[in-house]
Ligand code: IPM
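Single chain ahead, by itself, as structure tokens, in the form predicted alone.
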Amino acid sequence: MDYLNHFEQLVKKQLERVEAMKQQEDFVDYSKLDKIVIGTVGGDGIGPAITAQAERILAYLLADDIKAGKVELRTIEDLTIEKRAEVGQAIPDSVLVELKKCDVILKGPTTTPRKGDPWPNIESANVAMRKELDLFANVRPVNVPEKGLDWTFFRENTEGAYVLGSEGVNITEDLAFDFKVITSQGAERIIRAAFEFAKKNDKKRVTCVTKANVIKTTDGKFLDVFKKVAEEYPGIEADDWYIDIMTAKLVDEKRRKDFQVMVLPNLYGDILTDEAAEFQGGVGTAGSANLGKRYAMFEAIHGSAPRMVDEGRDIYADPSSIIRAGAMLLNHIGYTKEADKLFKALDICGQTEKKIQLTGRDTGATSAEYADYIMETIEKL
């Protein structure tokens, strides 16, 4: 391999991406759309089973506006590992065309092949979707009222340590290189999104998490941009922590309640949000938003659990994560009352009341029964 030429081509592509970001328009105003199209994508493994339940709940909450033609729920097929393997693409072209016809997307989990799997080594559908739709902000809320925790994480999606994850090189059998990318534009838009969220939701503190004392150039740039943007929001406290100590502070009962909004490059966000989700009951209960200026995608953050399908247990899979993602979707497109009801119902059904239990087996409720429980709870609110 011509290593210098390889690096030159990577730099060229990233410079082109910078120029594209400079030309971007502002976020979509959903209130000005004649109709909001919500695409639902089941994915694979347990994805279709749990996404169907989230879709039922969205249809229930949006029934009047669906009937009036203000909202459309549109099912998108073929984002399965079988189809992706058949065409050799992370997202089949036909699926991508349909995704781009939607305004927002609710997506079930998709399988990413690992070494030893029977599938070809194709890119993660999540990573590909974030790139294709420029979904730069991964937003994950963690709310546990009884522990006093109300966190919202803004994880950068399109650069950092992951953007060139498949472009690393083995110089020799003893020496390997990977690449990390941070741009001023990429950092600014995710950081500004975090501060705007804090401003609109009456949050008083935004925390930047890096390792800028060691990763001085890229993490240093992210932190410098954070400090510059923070000056535009004088009513919000801005501070920064290093990722290693931040993982400790999330389990520090004396300090963790103080944090509200956190903004992080991709890798650190991946680590910290999975840790944070454990306080809420694990990644199976957490939803995730992936926001861009034109498109937005909401998803469960757990895997596709193919073993549950193989064992005939997919109907018992916990739909909480994808339903919570649906609540985030509702909030994003302006249906805040419906979103609040769904969030409250999820907390009642999963943490407070717990009238029926999900065990992942026939010893507990099916995902459909749990969705019914949630809708019955919403009726009482």
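In this text, residue numbers run from 1 along the sequence as written. Computed from a predicted model, the values in this text were never measured in an experiment.
The same protein also has a form predicted together with the ligand, omitted here; what follows describes it.
Using a 4.5 angstroms threshold between heavy atoms, residue 270 counts as touching the ligand in the model of the complex. The closest heavy atom approach of residue 85 to the ligand in the model of the complex falls outside 4.5 Å.
Contact annotation: residue 184 falls outside 4.5 Å of the ligand in the model of the complex, judged by heavy atom distances. A residue is said to contact a partner when one of its heavy atoms sits within 4.5 Å of a partner heavy atom; residue 189 fails this definition for the ligand in the model of the complex, lying far away. With the partner removed from view, the residue among 89, 112, 260, 143 that has a non-hydrogen atom within 4.5 Å of the ligand in the model of the complex turns out to be 112. A heavy atom within 4.5 Å of the ligand in the model of the complex is found for one listed residue only; from 164, 127, 236, 76, this is 127. Stretch 154-162 is the contacting one of 175-183, 247-255, 307-315, 154-162, since its residues have non-hydrogen atoms within 4.5 Å of the ligand in the model of the complex.
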